[in-house]
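Have a look below at one chain only, the form predicted on its own, in structure tokens format.
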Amino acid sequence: MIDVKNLTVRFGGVVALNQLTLKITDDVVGLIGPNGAGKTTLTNALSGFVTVASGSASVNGLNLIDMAPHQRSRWGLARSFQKVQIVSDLTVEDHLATVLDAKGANRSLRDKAIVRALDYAGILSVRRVRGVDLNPFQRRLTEIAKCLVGAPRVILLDEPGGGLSETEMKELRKVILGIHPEFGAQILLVDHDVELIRDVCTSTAVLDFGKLIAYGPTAEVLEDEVVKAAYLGRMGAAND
């Protein structure tokens, strides 16, 4: 369970998260909201990439805010990024090996863990391909596979569907839905694709201007008139 209480993040005079309180219990939970709502700021706060002004964030009673980013990673917090973190000269398996090295994983078990993650993500066949030679979908899947090595407990996925085709999105849905049954990790999924959120998330939270405006079963949240006005309406206006 991810338990966020009165979490506040400021960037100068801008309040990016404003006393956010949110208790996440489901296996796959969506996080949506218009641009600038605070979604990525929340993932950054949970993973230690931004400084929290006040409040707390804990997982199963363990306070993440008291831990350095590398300690959170070793504990089992993993994340992907909107802009994939793929190094051109490293092979796919090298990317995963680097993650395991940073976590202090047992070297004797490293290859087995890498094969398991790559096989699950469907990219085992490109394990020795360099980052520069991967197509966009393979890069996205490599980013997810990096989250799956090293016994993840919580995975934060930030816009994993960005730039993918409908066929690729269909495969991505399968990958995300199978993560908890296969690896046991709880997932917080940030994405602008409402259909992806609808298909894979049991519950969904909605942020606007750094505040929580809705949280509950995904189908109900997406039909909420406040959500439509704040999120769907503003997104539609932005696309006009």
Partner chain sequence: MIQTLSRNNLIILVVIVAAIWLLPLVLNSLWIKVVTSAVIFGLAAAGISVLFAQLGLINLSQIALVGIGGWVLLRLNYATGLPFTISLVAGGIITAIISSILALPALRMRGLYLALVTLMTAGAFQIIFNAFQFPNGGEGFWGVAQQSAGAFRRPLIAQSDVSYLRYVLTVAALCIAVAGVHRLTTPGRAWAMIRQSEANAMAAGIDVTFFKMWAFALSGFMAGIAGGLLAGALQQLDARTFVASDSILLFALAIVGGVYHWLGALIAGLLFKLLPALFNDFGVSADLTLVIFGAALLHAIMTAPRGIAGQILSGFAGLVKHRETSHD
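Keep in mind that this is a model prediction, so the values were computed, not measured. Residue numbers count along the first chain shown, from 1.
Unshown form predicted in complex with its partner chain; subsequent notes refer to it.
- Partner proximity in the predicted complex, defined as non-hydrogen atoms within 4.5 angstroms of its partner chain, places exactly one of 150 to 158, 116 to 124, 77 to 85, 163 to 171 at the interface: 77 to 85.
- When contacts are defined as a non-hydrogen atom within 4.5 Å, all of 98, 101 and 110 contact its partner chain in the predicted complex.
- Though the partner is left out of this view, residue 69 does reach within 4.5 Å of its partner chain in the predicted complex, counting heavy atoms only.
- At a distance threshold of 4.5 angstroms between non-hydrogen atoms, residue 73 is in contact with its partner chain in the predicted complex.
- Taking the partner from the other structure, its partner chain in the predicted complex has a heavy atom within 4.5 Å of a heavy atom of residue 89.
- Of the heavy atoms in residue 49, some are within 4.5 Å of its partner chain in the predicted complex.
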